[in-house]
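Presented below, as structure tokens, is a lone chain in the form predicted alone.
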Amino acid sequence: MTSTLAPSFLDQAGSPELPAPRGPLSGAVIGALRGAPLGPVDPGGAEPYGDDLQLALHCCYELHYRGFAGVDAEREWDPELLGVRRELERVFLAALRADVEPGDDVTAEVDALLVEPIGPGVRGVSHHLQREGTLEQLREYVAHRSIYHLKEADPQAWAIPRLSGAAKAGLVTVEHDEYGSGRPERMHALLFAEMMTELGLSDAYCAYVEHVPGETLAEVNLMSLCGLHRSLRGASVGQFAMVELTSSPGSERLVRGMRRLDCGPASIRFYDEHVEADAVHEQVVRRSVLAPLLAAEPELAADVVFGIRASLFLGERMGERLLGCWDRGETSLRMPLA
């Protein structure tokens, strides 16, 4: 069966346009990608989670995914851009290590992830959208999430060649599901694109980069950072585990919220799929990825915990941004949706 709701997404092979700079760091990177000389770039005093540094990192990382329209694909391995990326990463990673408490008890960390806070006073984006969020707030949330979900599972795929044996096989098992188990119409990225189309949003890859703030970009940049560095393979698995172990309850809340808002079947299908799929993935990740990885490389335990906690930390920052803006009656995006 071929999708009819977002047929264009399966055919999207082009690259997005370069975004507008948000400061000197992103200005230097974007200028260089447009052909200007790349002068000295010093991110030392920049806000590590701010718009400027995170957009600069996004542009560096996007060269490893679909690139940008009019930018030579060879720029992916431009030594000067790679050097700038490394300096940006140092600032980002140092901030995360300072803000995230270290630990090495993976079992305790995973057990904590599986405890869902309950009660009417629990705050969270999915709780808000389930109970009282508006359709426009839901559309904003989907625009934020599109920066990752239109390339869902791609950042984690970088970890595959960095693992071995049973852990690799377990990771591939989950990734195979994310890509539709060989059926293009079941790819999670396509299901997300269909939801966007039904909600009146563009399903074009990176269509909302100009709209989203640094908080959103930082979540996806963490995935790319960990995936592209073999030294952070444990953190990549930790980030992956955090998503797979926690997304099922949140997806169920979003399904309920969408039904409350009378959303159509394509809108509901994406999160409904994740309610069931991620409940299964939880067991695979625990038994077939984490357990064999730590049996083979126990020294990676602290990195796994770091990946889990850093992902949670950045997710909480994004959630605070959305809920704070909505509480004030403001858009959570940098500019309103059309």
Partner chain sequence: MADPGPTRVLLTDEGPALISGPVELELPDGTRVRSDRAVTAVCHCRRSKRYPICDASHRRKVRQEGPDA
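Quick caveat: nothing in here was measured; it's all calculated off a predicted structure. Residue numbers count along the first chain shown, from 1.
Although it is not shown, the form predicted together with the partner chain is what the next lines describe.
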**Request:** Let me know the one among Arg230, Arg90, Arg97, Arg183 whose heavy atoms come within 4.5 Å of the partner chain in the predicted complex, would you?
**Result:** Arg183
**Request:** Could you check which residue among Glu152, Glu175, Glu252, Asp78 gets a heavy atom within 4.5 Å of the partner chain in the predicted complex?
**Result:** Glu252
**Message:** Just to confirm the contact call: exactly one of 157-165, 79-87, 214-222, 111-119 touches the partner chain in the predicted complex at a 4.5 Å heavy atom cutoff, so which is it?
**Reply:** 111-119
**Request:** Give a yes or no for Leu245: in the predicted complex, does one of its heavy atoms lie within 4.5 Å of a heavy atom belonging to the partner chain?
**Result:** yes
**Request:** Using a 4.5 Å heavy atom cut-off, state whether Glu276 contacts the partner chain in the predicted complex.
**Result:** yes
**Prompt:** Taking 4.5 angstroms as the cut-off for heavy atoms, does Ala32 touch the partner chain in the predicted complex?
**Reply:** no
**Asked** Within a 4.5 Å heavy atom cut-off, is His64 in contact with the partner chain in the predicted complex?
**Response** no
**Asked** Hey, which residues along 72-102 are within 4.5 angstroms of the partner chain in the predicted complex, non-hydrogen atoms only?
**Response** none
